[in-house]
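So this first bit is one chain, no partners, the form predicted on its own, shown in structure tokens.
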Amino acid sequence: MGYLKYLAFRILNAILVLLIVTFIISALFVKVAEQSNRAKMYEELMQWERTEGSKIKQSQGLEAFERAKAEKQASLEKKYELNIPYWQKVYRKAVRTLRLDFGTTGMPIFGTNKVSDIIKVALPRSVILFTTATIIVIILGIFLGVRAARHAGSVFDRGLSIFALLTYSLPMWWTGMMFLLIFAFKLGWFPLSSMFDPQLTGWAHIKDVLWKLALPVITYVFVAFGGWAWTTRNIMIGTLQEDFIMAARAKGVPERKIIYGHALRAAAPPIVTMIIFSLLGSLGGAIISELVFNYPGMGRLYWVALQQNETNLLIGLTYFFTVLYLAGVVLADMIYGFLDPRVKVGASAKM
């Protein structure tokens, strides 16, 4: 029951945070949308004055023009929901957002105006690129980090540490530009754009996707796996110095079993946390990197929403990223409570 109470407390805490964040997001974006809609209303009203309004003024006089203008303004205020109190609009927007009803965009994106459908199109593309690259980074990073920890102080360990510090300090967008310049523009090994060809189907489509995603994946792995390996190496070195590891070695337990059966398991909580947030974070894409490679994922979609001032799309994407982060926190707490009994015991003792 201690673990269940701990888990229930964490889930309720995440739900409460989600509600608060949703209302804050709604309050901010509704205010921005209100200002934008007011500007659109005045622009449309001025356009009316120059066309229909001027005709009414010339034929029926100034008094009829003022009445028609007031009616037109009231109609536009209703159209842009400027006649509804601010906090009432915030409440409505927050409720619709919690129901995953994000509304529509002003301009069609990916052939549709519905925000939820737009996100459904962009999300799998980010999974194909960034989640795949993240999985490769995690596997390489853990494997090389464990090996470096086993041979601490060796040439391999020092070389990996230097390589990690160099590559992890490189901005991914800059590395992507350099790789495009060298491997795509100069050598011609890869395409300059990662945009898929929608006319291809079957095996031709699969080959097209693999070819166009190769360079972005290589760039991501090159920049990120060294940092993962270096972090895993530092965690494992600390664990390998614990007393229970010394005792296992004194008993004659094989080194491979000590590393993968004892040390890596003891070091699992921080590594698992990194894995969870990396995988969930990969679903959000990367704005600048996707712009560099001309890739239509979640990051580029956010940039398009900012450029086109699509408030509903911005709310939908921000809500999605918030849910991802909170899901990561809850999932990490769940696994922490399972791997380390002290976590759930401490939480239960306070209740």
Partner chain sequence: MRWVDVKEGLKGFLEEFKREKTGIAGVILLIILVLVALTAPYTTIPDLPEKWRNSQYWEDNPKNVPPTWYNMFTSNKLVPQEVYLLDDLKITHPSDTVTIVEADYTLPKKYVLGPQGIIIKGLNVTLNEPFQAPTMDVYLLRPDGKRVPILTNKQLSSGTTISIGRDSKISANVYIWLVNVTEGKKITMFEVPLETILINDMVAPMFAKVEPGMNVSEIIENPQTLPGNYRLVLQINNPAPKDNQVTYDNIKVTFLGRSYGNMGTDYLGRDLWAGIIWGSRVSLTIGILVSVLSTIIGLVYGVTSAYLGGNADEVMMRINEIFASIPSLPILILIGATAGHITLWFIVLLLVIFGWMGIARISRSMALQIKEQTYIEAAKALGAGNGRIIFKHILPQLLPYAFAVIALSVPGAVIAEASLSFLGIGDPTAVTWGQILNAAQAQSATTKGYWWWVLPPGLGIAVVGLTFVLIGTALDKILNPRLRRL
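Residue numbers count along the first chain shown, from 1. Nothing here was measured: the structure is a model prediction, and the numbers come from that model.
We do not show the form predicted in complex with its partner chain, though everything after this point is about it.
Heavy atoms within 4.5 Å of its partner chain in the model of the complex map, among the stretches 63-71, 36-44, 313-321, 49-57, onto 313-321 alone. Heavy atoms of Ile11 never reach within 4.5 Å of its partner chain in the model of the complex, leaving it off the interface. Using a 4.5 Å cutoff between non-hydrogen atoms, Phe110 does not count as a contact of its partner chain in the model of the complex.
Heavy atoms of Thr231 reach within 4.5 Å of its partner chain in the model of the complex, making it an interface residue. Taking non-hydrogen atoms only, Val21 approaches its partner chain to within 4.5 angstroms in the model of the complex. Using a 4.5 angstroms heavy atom cutoff to its partner chain in the model of the complex, all of Val17, Pro171 and Leu181 count as contacting.
Of the listed positions (Leu192, Ile84, Ala247, Ile139), a single one reaches within 4.5 angstroms of its partner chain by any non-hydrogen atom in the model of the complex, namely Leu192. Think of it this way: in the model of the complex, its partner chain has a heavy atom of just one of Leu160, Ala268, Ile235, Leu280 within 4.5 Å, and the residue is Ile235.
Scanning 286-309 for heavy atoms within 4.5 Å of its partner chain in the model of the complex gives Ile287, Ile288, Leu291, Val292, Tyr302, Trp303, Leu306 in sequence order.
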